[in-house]
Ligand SMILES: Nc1ncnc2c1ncn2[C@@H]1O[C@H](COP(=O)(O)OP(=O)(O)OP(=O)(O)O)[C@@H](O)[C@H]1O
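Shown here is one chain on its own, the form predicted on its own, set out as structure tokens.
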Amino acid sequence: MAEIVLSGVSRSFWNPGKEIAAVRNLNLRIPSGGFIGIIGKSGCGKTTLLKLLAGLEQPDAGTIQCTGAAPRFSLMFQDPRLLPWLTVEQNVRLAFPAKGRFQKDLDAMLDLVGLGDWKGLFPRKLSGGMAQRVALARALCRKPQILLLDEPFGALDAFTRKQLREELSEIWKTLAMTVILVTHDIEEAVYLSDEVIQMKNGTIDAAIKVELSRPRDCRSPEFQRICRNIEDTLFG
């Protein structure tokens, strides 16, 4: 596992002739083994922050430091991005480490995400939820210490989202990773996260600790109170 510390991080882009500050002087500590949810309106800097953490973007100012020697990152997107001419197993195998007990570990990962009986199917035969399970297995196959999730369930129906977020919570506990989730879904963020970070105009507007026992009851008064407080802050 790995702790992440961001100090004074800024990142800007040019859109023709105009500088846009996507992330501004951001300070954040993500504890080792924690589950952090990041929410905010479109354009607030959530995805830019995730790309900075993944190393896909470099900050213009400030530092991003991780404990440990070169911790392993994995990134999962909203689009599963599967190769249509490969089966479930073959899609996951592309990202699997070449060393070690290859087939045994691959089978175990497919079982972990509930695809052990479906590994011979091609993507056209998969539901949206099953396709996202393939993408999750692919992200987990290198046993990352830090898992970055960019709205992984955003395109799914409400029932499938609920099922997958429950499974993700169990996988996080099983594999003991640090997870950073970007989402537009307040309930999803509260259900999964130890802390919910609200972003606004490239900065952290609020940080809300979610001190509820797991598994969480979305219908409980305390759960709903936290969701309402976040919604009031975002849209108030």
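Note that this is a predicted model, so its numbers are computed, not measured. In this text, residue numbers run from 1 along the sequence as written.
The same protein also has a form predicted in complex with the ligand, omitted here; what follows describes it.
The candidate spot formed by N15, T47 and H184 is fully in contact with the ligand in the model of the complex: every one of the three has a heavy atom within 4.5 Å. Residues of just one listed stretch (35-43, 205-213, 164-172, 188-196) have heavy atoms within 4.5 Å of the ligand in the model of the complex: 35-43. None of the heavy atoms of C218 is located within 4.5 Å of the ligand in the model of the complex. Contact annotation: A22 falls within 4.5 Å of the ligand in the model of the complex, judged by heavy atom distances.
When contacts are judged by a 4.5 Å heavy atom cut-off, E89 does not count as touching the ligand in the model of the complex.
For the partner-free chain shown, just E151 of 144-160 comes within 4.5 angstroms of the ligand in the model of the complex, judged by any non-hydrogen atom.
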